[in-house]
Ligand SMILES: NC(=O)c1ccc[n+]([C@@H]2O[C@H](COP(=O)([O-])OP(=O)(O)OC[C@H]3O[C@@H](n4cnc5c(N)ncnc54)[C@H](OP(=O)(O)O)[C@@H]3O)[C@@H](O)[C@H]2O)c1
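Below sits a lone chain in structure tokens, taken as the form predicted on its own.
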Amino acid sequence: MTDMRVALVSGANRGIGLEISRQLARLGQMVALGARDTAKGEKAADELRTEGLEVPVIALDVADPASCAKAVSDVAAMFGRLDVLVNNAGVFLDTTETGQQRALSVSPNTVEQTFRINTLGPLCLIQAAVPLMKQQGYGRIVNVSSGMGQLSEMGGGHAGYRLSKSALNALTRVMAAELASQPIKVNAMCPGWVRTSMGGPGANRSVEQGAETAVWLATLEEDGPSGGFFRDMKPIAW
């Protein structure tokens, strides 16, 4: 690699997104830390700076298409390129104090809000990023999905989240097909059940483990896969 790769990671001020940023920066990439709350983003960036990793913060609200476009534009203005996009930002809204929201009772508004962030946000970022990737003849797009979006193992409950991640998986396949003639790879990954604010303290995986496959996909060689779904760097069923 003769040029430093530039990556944009959404939802990167905490959890898996922050760890993905850390691991990519350790590999020598220039990582733009995308955060809706830039104050929290700067706090996360300060944490990385204590490790000798310089990570600029980019304002990014994935629920706002204009913010998505501006974030990519800001990265391009700052570095002149964008090589890697990791769509990590996500929400898990359809839970209640009494249990999980089922499809028969979940509010359509909850589903809509979940789709806006978990599915449409990645779509808007990909649409903004791909023209830059085409110009430079290189791109790696990673969609952080979930096993809860697998049709092959679909269950009940958490309807909004499941639907949004199934749609994100479909977006992965559609984009990979449309970009098949380009040197741009598009893949989805499941981090597993990770100890984050979303996963909770009882989860069985560390953030380091949760980030590993995303980092692998973000740094694929030319002969690497596209249009796949992975966990622990191995294909899993859609």
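Predicted model, so just to flag it, every value in this text is computed and none were measured. So that there is no doubt, residue numbering starts at 1 and follows the sequence shown.
Form predicted in complex with this ligand: not shown, discussed below.
Chemist: Should the three residues I16, A89 and T196 be counted as contacting this ligand in the predicted complex, with contact defined as a heavy atom within 4.5 Å for each?
Modeler: Every listed residue reaches this ligand in the predicted complex, so yes.
Chemist: Given the stretches 45 to 53, 23 to 31, 61 to 69, 169 to 177, which is the single one in contact with this ligand in the predicted complex, using a heavy atom cutoff of 4.5 Å?
Modeler: Among the candidates, contact is made by 61 to 69.
Chemist: Could you tell me if S146 has a non-hydrogen atom within 4.5 Å of this ligand in the predicted complex?
Modeler: Contact check for S146: yes, within 4.5 Å of this ligand in the predicted complex.
Chemist: Under a 4.5 Å heavy atom criterion, is K165 part of the interface with this ligand in the predicted complex?
Modeler: Contact check for K165: yes, within 4.5 Å of this ligand in the predicted complex.
Chemist: Counting only non-hydrogen atoms and a 4.5 angstroms cut-off, does I117 reach this ligand in the predicted complex?
Modeler: Answer yes; at least one heavy atom of I117 falls within 4.5 Å of this ligand in the predicted complex.
Chemist: Go through 32 to 55 residue by residue and record those having a heavy atom within 4.5 Å of this ligand in the predicted complex; state none if no residue qualifies.
Modeler: Residues within 4.5 Å: R36, K40.
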